[in-house]
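Shown next as structure tokens: one chain only, the form predicted on its own.
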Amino acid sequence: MLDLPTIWAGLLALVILIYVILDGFDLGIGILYPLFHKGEERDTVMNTVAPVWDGNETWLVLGGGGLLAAFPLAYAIIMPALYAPILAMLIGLIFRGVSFEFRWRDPAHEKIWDAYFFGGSLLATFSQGIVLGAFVQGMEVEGRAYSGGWFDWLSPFSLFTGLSLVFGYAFLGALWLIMKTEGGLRDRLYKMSLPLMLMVFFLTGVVSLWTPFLSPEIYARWFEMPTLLYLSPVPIIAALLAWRIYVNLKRRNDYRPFPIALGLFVLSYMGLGISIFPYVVPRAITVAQAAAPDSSLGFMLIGAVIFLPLIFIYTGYSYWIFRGKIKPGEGYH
């Protein structure tokens, strides 16, 4: 018999990972935006994501809706615990989306829309990092309800993960732009990428070492035998990927650093999953405890099997159609 709660946990984890990958570089471009010259240069960097940015955010909606439908108990606990940073993230995404549309249609107020694009991207990213940190450190639960305070999400760890994600998305955005631009703009992006890379590697290392000390269970999973032996390839592969990013940046290979960096994000995400599974609310509620009835999960799985491949095909087709470098003056508005 199918383990439907675990299948749905895997599907939701995949959807969230896709969102982080796709909207990550998209938000990263917004974070880097003030570093680009006004006019043609800013137009070019926005045009690299103009055809796909709204599709990237579809995965966030799918993840939130899927959590509510498949794991209603987890949704009922997580949302009250994280109302403030989630609301801040949504506000940031709204301002950013509005700026995308109106920047081209209202050039008289371009400075305002540019500020919204940067501010919305920064706020959304920092809030996502805080949500991640607060989720990993755990929530107070009594019975079947959140029992913590309004500001429990605010901690040194959650603030640090927020900062780390800002630099991580900015790094992804720089590598995406290297892949999509040319000339002087691309040369400046190479110069930006190396210090960004060093900062990301440092922050990722700190978060990776900090996380096991949040809980004895996480510590035992990463630092005690025999799981230490089984999981040792994860940091080794991460170090190899980091080295390959550095080598390809030094060689100025436009197309390799970005997919390798995505691999590093996937590996970090896998490490997070290893740390918290089988909990859907860390150290409080397991996947099985939070799941909807099997009849509901089975019915929804039929829809997921039909529609998820269609979304994959549409997303892949969009990126394929708008592949290649963006030249100044070209774009999709």
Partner chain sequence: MDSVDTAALMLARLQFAWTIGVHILFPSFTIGLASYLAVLEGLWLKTGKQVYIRLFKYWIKIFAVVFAMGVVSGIVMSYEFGTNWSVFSDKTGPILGPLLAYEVLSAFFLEAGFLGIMLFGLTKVGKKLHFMATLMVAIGTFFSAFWILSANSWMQTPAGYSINDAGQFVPEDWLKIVFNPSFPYRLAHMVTAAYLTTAFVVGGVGAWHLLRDKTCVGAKVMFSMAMWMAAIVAPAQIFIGDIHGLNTLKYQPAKVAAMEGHFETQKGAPLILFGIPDMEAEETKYAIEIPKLGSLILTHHLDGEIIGLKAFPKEDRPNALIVFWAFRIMVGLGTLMAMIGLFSLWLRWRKTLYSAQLFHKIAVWMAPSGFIAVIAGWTVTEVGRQPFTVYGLLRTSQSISPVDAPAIATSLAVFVLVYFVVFGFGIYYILKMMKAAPTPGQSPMASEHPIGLDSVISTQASKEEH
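Residue numbers count along the first chain shown, from 1. All of these numbers come straight from a predicted model, not from anything done at the bench.
Keep in mind that the form predicted in complex with its partner chain is not shown, yet the notes after this line are about it.
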| query | finding |
| --- | --- |
| Interface residue in the predicted bound form among 154, 79, 239, 220, criterion: non-hydrogen atom within 4.5 angstroms of its partner chain | 79 |
| In the predicted bound form, the residue from 95, 210, 190, 160 that sits within 4.5 Å of its partner chain by heavy atoms | 95 |
| Residue contact check: residue 57 to its partner chain in the predicted bound form, 4.5 Å heavy atom | yes |
| Its partner chain contact in the predicted bound form: residue 72, any heavy atom under 4.5 Å | yes |
| Residue 14 within 4.5 Å of its partner chain in the predicted bound form, heavy atoms | no |
| Non-hydrogen atom contact residue 83 with its partner chain in the predicted bound form at 4.5 angstroms | yes |
| Joint contact, 106, 293 and 317 to its partner chain in the predicted bound form, by non-hydrogen atom at 4.5 Å | yes |
| Which of 32 to 40, 275 to 283, 262 to 270, 45 to 53 sits within 4.5 Å of its partner chain in the predicted bound form, heavy atom basis | 45 to 53 |
| Sequence-ordered residues of 290 to 311 touching its partner chain in the predicted bound form, heavy atom within 4.5 Å | 292, 293, 295, 296, 299, 300, 302, 303, 304, 307, 308, 311 |
